[in-house]
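To begin, one chain is listed below as structure tokens, in the form predicted on its own.
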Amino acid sequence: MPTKIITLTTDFGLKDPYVAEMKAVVLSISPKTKIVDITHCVEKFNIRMGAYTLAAACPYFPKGTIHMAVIDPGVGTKRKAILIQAKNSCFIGPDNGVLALAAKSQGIKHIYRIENPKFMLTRISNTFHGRDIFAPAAAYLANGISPPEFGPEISKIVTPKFAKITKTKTTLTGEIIHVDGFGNIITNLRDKDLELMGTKKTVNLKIKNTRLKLKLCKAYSEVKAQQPLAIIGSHNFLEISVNQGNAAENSQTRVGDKVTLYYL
């Protein structure tokens, strides 16, 4: 059996032993597994940031990769532990939206609740399901355990607002899901949404209460320095940018603000 890859995305940081504990559990069960850290620096409890980071990174991993994401402010509550089987990957984590963007972009085939105690640690804490439930589930999956063995199949996952696109006859409305270190405003609208709107050269949009008509560029330098533009970024999300400037500061926008596309 080829070496399996398990990725980790968390808000645990690197100061505490939590990440090492999860890796130790994985390697104790599946010692030949390769573990790749996507990041452990997601802002604490920020499900939106974790979902964006996972969705941005996961398309570049080999088919069959297992992605584990643990940004879990509801740990110990009735929120479900889930395993999502998508077309190219599997996703393991809490059913709170952190897996939604990535799994939906790959095409969800099946969703299972993780309930079988055979594939958990013997003692389950109320505060660390990353170590006690998600890590062993990922490791057993890497060992070849079939997804249906983890628990019953369910039909829905939590889909948070930041993963939803609202459509009317004349508009598509999404929201800002991330502002990167350059001040680029990254939305949850994708290249396929622009195609749906018939957008080719110009983007007609509104952020908060400001209406903008921007050139749809393939490179930042297609407009002059300090001029705004629209661009499909490297992760296929629509971005509003300023060449050699900071779009988020200029427009005084932040994560969670609505972005509406209009038919031209």
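Since the structure is predicted, the reported quantities are computational estimates derived from the model, not experimental observations. Numbers for residues come from their place in the sequence shown, where the first is 1.
We do not show the form predicted in complex with a further copy of the same chain, though everything after this point is about it.
In the model of the complex, which of 111-119, 95-103, 126-134, 140-148 comes within 4.5 Å of a further copy of the same chain (heavy atoms)?
Residues of 126-134 come within 4.5 Å of the partner.
Is residue 199 close to a further copy of the same chain in the model of the complex, meaning a heavy atom pair under 4.5 Å apart or at it?
Contact with a further copy of the same chain, no.
With heavy atoms only and a cut-off of 4.5 Å, decide whether residue 259 touches a further copy of the same chain in the model of the complex.
Close contact is absent here: in the model of the complex, residue 259 is far from a further copy of the same chain, nothing within 4.5 Å, heavy atoms only.
Check residue 250 for me: does it contact a further copy of the same chain in the model of the complex (non-hydrogen atoms, 4.5 angstroms)?
It does not: once a further copy of the same chain is placed as it appears in the model of the complex, residue 250 has no heavy atom within 4.5 Å of it.
Going by a heavy atom distance of 4.5 Å, is residue 77 a contact of a further copy of the same chain in the model of the complex?
The answer is yes: residue 77 has a heavy atom within 4.5 Å of a further copy of the same chain.
If we check a further copy of the same chain in the model of the complex, which of the residues in 183-208 reach within 4.5 angstroms of it by a non-hydrogen atom?
186, 191 sit within 4.5 Å of the partner.
Just say closer or farther for the C-alpha distance from residue 195 to residue 89 in the model of the complex, relative to the shown form; it changes by 3 Å or more.
Their C-alpha distance grows by at least 3 Å in the model of the complex.
Looking in the model of the complex, decide if the C-alpha atoms of residue 13 and residue 181 are closer or farther than in the form shown; they differ by 3 Å or more.
Relative to the displayed form, residue 13 and residue 181 draw closer in the model of the complex - a change of at least 3 Å between their C-alphas.
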